[in-house]
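Shown here is one chain on its own, the form predicted on its own, set out as structure tokens.
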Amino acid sequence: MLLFTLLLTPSLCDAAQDHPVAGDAIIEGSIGDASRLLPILASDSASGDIVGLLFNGLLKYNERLDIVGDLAESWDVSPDGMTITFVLRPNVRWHDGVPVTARDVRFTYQKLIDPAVPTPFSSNYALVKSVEVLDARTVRVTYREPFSPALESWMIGVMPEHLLEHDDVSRTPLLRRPIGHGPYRFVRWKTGELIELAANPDYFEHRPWIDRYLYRVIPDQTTLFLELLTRGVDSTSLTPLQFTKLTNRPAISRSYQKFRYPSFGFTYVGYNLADERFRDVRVRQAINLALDKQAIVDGVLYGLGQVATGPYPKESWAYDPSVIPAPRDLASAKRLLAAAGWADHDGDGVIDKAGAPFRFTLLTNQNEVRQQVAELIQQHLRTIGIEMNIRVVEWSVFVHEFIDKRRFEAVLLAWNLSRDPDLFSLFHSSETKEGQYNFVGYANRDVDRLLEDGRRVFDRVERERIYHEVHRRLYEDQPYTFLFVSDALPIVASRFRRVRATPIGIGHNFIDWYVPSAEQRYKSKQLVP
């Protein structure tokens, strides 16, 4: 069970007066802009956050991490697990008024497997044999082989056939002006500044109580924090320094709710394995031994996180506790580098090989914590004779111009993971095309086989054995240097009610959040932050 620390909660008095009313707006602050607002192309977290308010999948996780219906009113899995029949809710409509039907589900699947569509999610549907429309509300999915993450795979947002059937989905105007069926409707997008959504009065669960959702892009985290303090934004993610030092004031405690809980993901250094230097596993292992991860957790995260040994957080049943993080060992790191041919032959303090010094650039985005982590990594690597430069790039450019196109030597990034431990898209050797998630180019036949086996097995004990082995192999291979699992540190203005931390985070019940009439700030339908 996940352990949460809820630092501030609504008072008992508030709970007793819990009468939701419509109105107001919430302004979310973020350092990164979205890039593509269609579900199968929303491959970065900023785009995913917005898409999640515009589109629904067939299924979703509830606050207890149970799989429940979303667009699907019901579903039936055949005894052999090879067929799933979904029945859609009645009377769900796209934001243009057209009914959502089983044909939209089949269309979304067809685009997911279309080789011309650069989606990182296609591997989740490779074992699907057919998707049949039985009637307007019923769709049957048949698999060629058992596929254990099948239910989770149908949490991806369903797209409108009637608007996209004649379009190239990777170029359609709907990427920037989406029409969904979710709790919010798209209003406008000013690139690099603002995305505005409005409550969908016809949403099938109920109309969201908050009228407007505004996503403000503020690339500098210090400026973003100042905007929070001056009420320019209502909610954002705090840095560890902001959480531990800068928000412990009575005025802030009265005005905001702070939350802390383990994030379900990890931060890492990923290597371009097409680069000759990083292709040698001894070099990657040496870097792992040279980095003091606990010092990073203590010094940059202020202890609000844990050292990572692999891709799974400790809260995951796939996490293998027998994988112990290696302590910092500079002597062993230097021996590994020497065995790989790297030594300081000319005495300039930088190791070299065949006359070429070991210098590389670590790429990251405008995330204050990551920049501090990068500086510590730079210091640590200098002690073993590796010279590392740091380059900071704007988020959407970082993702699409450098990550997708593999134009990097090494990157500092983080993954948010789904609850199923399937990591096929991150580490299988088939997932290295442009736009796919194995952008480091990792290829290991044994790991490929384990990842394939893990998808074919439904037995939890057997899957656990497989993913423990994946965890161990990845730690040995070090395609990434796994750094840490940080705590999630969201903050929300205290006028918003019904905000609570759960194993799925704080946003799972966003349509139920509300602001009492007397505390609403925004009465106008046109907000200009």
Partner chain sequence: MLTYLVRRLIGLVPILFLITVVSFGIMHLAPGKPVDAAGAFNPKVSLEVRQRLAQLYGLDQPLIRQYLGWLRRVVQLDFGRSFLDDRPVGEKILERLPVTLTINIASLALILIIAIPLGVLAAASPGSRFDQATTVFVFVGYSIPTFWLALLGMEFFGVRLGWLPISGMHTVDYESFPWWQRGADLAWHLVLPVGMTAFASLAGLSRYMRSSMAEVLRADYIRTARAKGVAESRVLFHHGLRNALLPLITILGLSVPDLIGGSVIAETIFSIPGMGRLLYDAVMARDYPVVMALVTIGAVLTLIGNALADIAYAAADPRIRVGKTT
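Small disclaimer: the values here were computed from a predicted structure and weren't measured. Numbering follows the first chain given and starts at 1.
Just so you know, the form predicted in complex with the partner chain exists too; it's not on screen, but the next bit is about it.
In short, of 96-104, 354-362, 234-242, 411-419 it is 411-419 that has heavy atoms within 4.5 Å of the partner chain in the predicted bound form. Against the partner chain in the predicted bound form, the set S170, K190 and I403 is in full contact: each member has a heavy atom within 4.5 Å.
Looking at S43, you'd find a heavy atom of it within 4.5 angstroms of the partner chain in the predicted bound form. Remark: E152 counts among the residues lining the partner chain in the predicted bound form, judged by a heavy atom distance of 4.5 Å or less. Among residues of the shown chain, G347 is not one whose heavy atoms approach the partner chain to within 4.5 Å in the predicted bound form. When the partner chain is considered in the predicted bound form, P90 lies well away from it, no heavy atom lying within 4.5 Å. Contact with the partner chain in the predicted bound form, defined as a heavy atom within 4.5 Å, holds for exactly one of T142, T222, S332, Q378, namely T222. This chain is drawn without the partner chain; in the predicted bound form, the residue among V397, V457, A339, L134 with a heavy atom within 4.5 Å of it is V397. Heavy atoms closer than or equal to 4.5 Å to the partner chain in the predicted bound form belong, across 427-447, to the residues E434, G435, Q436, Y437, F439, ordered by sequence position.
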